[in-house]
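Below, in structure tokens: the form predicted alone, a single chain.
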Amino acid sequence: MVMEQILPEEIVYQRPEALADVNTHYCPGCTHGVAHRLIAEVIDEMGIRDRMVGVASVGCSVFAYNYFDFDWVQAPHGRAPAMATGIKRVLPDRFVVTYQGDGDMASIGMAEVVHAAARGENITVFFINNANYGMTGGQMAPTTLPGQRTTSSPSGRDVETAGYPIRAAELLATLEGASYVVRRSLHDPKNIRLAKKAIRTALEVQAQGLGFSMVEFLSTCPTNWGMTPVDALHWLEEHMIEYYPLGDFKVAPTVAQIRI
């Protein structure tokens, strides 16, 4: 009787080295974890972990410094781009990134990100748009859709009193100092792959000193939306993308030559 040769198992999926081996606090179905993994994979593939400096914001992403295995600093609410500017100017050889939610970046921190982009600061912003204030109970955010119910807009966002949602990517793309501004989504495998490519391009932009880059990610918040994780993915696809179309909003000519 001939015994079949037992081959060692092939590892096809494992934790990136740039992610710490810890559990996160994110709710089940939240796509913050997907964004974390994509960023970590790109950092590993580029071999830049020892040159990374992250700036954590205030919000659901506040503990990003516990989840990534490289240097981080904590910014006051909304001030991550300002802190990132200072770090990059003092340590120009580092890759400096911010990781911010919509309540942090598009509300209290709007001035900081607008002026960082206008100045063409050579930093990269990763912006999570889940259409509400996730950490503090699901209140209406600058990105909450018209008619969307939140804990502070139980009848739905009324644009006559609360105004219209802010399209951050489109806004920042108008600024001369911005070199690469795109919007991606994390709701299905195809778009997750496209999001990873955008992360890589944004960091390559910084590597070549081409100026400000931002990747906006449409993300789910099943707990505050009051949905199952699967239903939240469908809701994002059916409602958020209509208001926040995916695509490239600013790709400078110099960036077009290095796109991944």
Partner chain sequence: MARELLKGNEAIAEAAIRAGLQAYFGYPITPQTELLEWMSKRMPELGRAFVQAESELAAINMVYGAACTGARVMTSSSSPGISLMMEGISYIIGTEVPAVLVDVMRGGPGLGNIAPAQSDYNQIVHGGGHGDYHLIVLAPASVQEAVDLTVLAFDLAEKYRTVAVVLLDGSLGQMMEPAELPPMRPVKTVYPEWAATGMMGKREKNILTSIYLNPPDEEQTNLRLLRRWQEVEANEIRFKEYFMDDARYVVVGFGSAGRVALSAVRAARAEGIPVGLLRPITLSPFPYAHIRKLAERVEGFLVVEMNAGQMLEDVRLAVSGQKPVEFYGRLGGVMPFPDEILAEIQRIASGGLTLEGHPRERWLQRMNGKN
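Numbering follows the first chain given and starts at 1. Not measured: the values here are computed from a predicted model.
Another form exists, predicted in complex with the partner chain; not displayed. Remarks below refer to it.
Residue 173 falls outside the set of residues with a heavy atom inside 4.5 Å of the partner chain in the predicted bound form. Mapping the unseen interface onto this chain, residue 41 falls outside it, with no heavy atom inside 4.5 Å of the partner chain in the predicted bound form. Interface membership of residue 74, defined by any non-hydrogen atom within 4.5 Å of the partner chain in the predicted bound form, is confirmed. Though the partner is left out of this view, residue 37 does not reach within 4.5 Å of the partner chain in the predicted bound form, counting heavy atoms only. Checking 225, 26, 68, 235 against the partner chain in the predicted bound form, a heavy atom within 4.5 Å turns up for just one residue: 68. This chain is displayed without the partner chain, yet in the predicted bound form the stretch 90 to 98 from 151 to 159, 173 to 181, 137 to 145, 90 to 98 comes within 4.5 Å of it by heavy atoms. Contact residues in stretch 31 to 56 (any heavy atom within 4.5 Å of the partner chain, taken in the predicted bound form) are 49, 50, 51, 52, 53.
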